[in-house]
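We begin with a single chain expressed as structure tokens, specifically the form predicted alone.
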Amino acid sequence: MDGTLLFQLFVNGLSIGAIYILLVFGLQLIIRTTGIVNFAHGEMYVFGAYTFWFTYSVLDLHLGFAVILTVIVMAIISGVVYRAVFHYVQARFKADTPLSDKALMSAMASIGLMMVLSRIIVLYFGTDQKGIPSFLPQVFVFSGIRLPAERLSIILIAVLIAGILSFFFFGTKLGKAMRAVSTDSLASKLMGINSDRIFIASFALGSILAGVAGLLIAPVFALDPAMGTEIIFMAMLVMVFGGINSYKGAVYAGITVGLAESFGYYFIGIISHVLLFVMVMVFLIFRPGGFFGEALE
């Protein structure tokens, strides 16, 4: 085993972890602001991937236009989904409803939504796998180490998005309002913040992050309508592993799981997924709140 292969596995693991981090950021934003646990988040990831495939490969739009159109479509889809389903679920939340009860109610609704959205994806895009020609086919070679530009771009874009989100939450009026609502929605409403608008904006932003994750992975792997099911359970695992209320924990857990997948799959094959779940379960027995979070009450 040489250092070249180890470094390549390391980069692959970081790129996988970056995708998980984007998905978990979206999940956490939605949960912390709206109290909704959305298992249909994986279908948003699929919609993002397929929308990018359609705009970039079928419509043959310029890369930048395809990305912008994908983000717009994700914002529209998420807005419709929120108003059609989760707006009514939230109406049943009371001020004293524990987060665990909110999670259970919304999770049940989102599982039904996940099934509906998955059928819509199959109806419109078919069951055949789709592929996107690489728009970054370059491979950087350093001392015998081959680093695909696509993998590096995923890592760099994820870091850039994390920086933009940090500025957004701490440097903009809307971001500060989202933070206030996530801390205490009732007090925020009494202070004049329109909670309903913040809820839909948070849900849209979280869904856009999932769509961007799908967009980034589209040129790397074949697109399959069923890929949302696996990714949402992995993202949930990463979120719980890192701590539901901790963005820092999401970064640590995303990188850890991504590296474990990359190295584990190479050395022991598909059984690495089973061992990964066992490892996380053992960890959560001794630390149920994850890396930096707190256990649900």
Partner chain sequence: MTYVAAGLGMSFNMVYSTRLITLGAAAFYAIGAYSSTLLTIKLNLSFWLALPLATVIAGIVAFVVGVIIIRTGTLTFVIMTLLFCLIIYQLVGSISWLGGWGGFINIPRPNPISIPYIGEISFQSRVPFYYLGLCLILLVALIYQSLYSSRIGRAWKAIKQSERVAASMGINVFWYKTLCFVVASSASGALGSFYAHYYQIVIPDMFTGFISIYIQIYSALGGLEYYILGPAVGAAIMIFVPELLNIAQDIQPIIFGSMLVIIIVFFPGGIIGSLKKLNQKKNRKKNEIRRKC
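Being a predicted model, the structure only gives us computed values, none of them experimental. Numbering follows the first chain given and starts at 1.
FYI, the form predicted together with its partner chain isn't displayed, but the following is about it.
J.: Would Phe277 count as a contact of its partner chain in the predicted bound form, using a 4.5 angstroms cut-off between non-hydrogen atoms?
T.: Phe277 belongs to the contact set for its partner chain.
J.: For Gly192, is any heavy atom within 4.5 Å of its partner chain in the predicted bound form, or not?
T.: No, Gly192 is distant from the partner.
J.: Indicate whether Val11 is a 4.5 Å heavy atom neighbour of its partner chain in the predicted bound form.
T.: Contact check for Val11: no, nothing within 4.5 Å of its partner chain in the predicted bound form.
J.: So in the predicted bound form, does Tyr50 come within 4.5 Å of its partner chain, heavy atom to heavy atom?
T.: Because no heavy atom of Tyr50 falls inside 4.5 Å of its partner chain in the predicted bound form, the answer is no.
J.: Just give me the single entry in Ala75, Leu152, Ile111, Ile145 that has a non-hydrogen atom within 4.5 angstroms of its partner chain in the predicted bound form.
T.: Checking each option against its partner chain in the predicted bound form, the one that comes within 4.5 Å is Ile111.
J.: Name the residue from Ala187, Val141, Leu123, Val80 that puts a heavy atom within 4.5 Å of its partner chain in the predicted bound form.
T.: By the 4.5 Å criterion, the partner-contacting residue is Leu123.
J.: Using a 4.5 Å heavy atom cut-off, which of 238 to 246, 51 to 59, 251 to 259, 65 to 73 contacts its partner chain in the predicted bound form?
T.: Every other range fails; the passing one is 238 to 246.
J.: With the partner absent here, would Asp101, Leu104 and Met281 each sit within 4.5 Å of its partner chain in the predicted bound form, counting heavy atoms only?
T.: Affirmative, all three are within 4.5 Å.
J.: In sequence order, which positions of 13 to 43 have a non-hydrogen atom within 4.5 Å of its partner chain in the predicted bound form?
T.: Stretch hits, in order: Ile31, Val37, Phe39.
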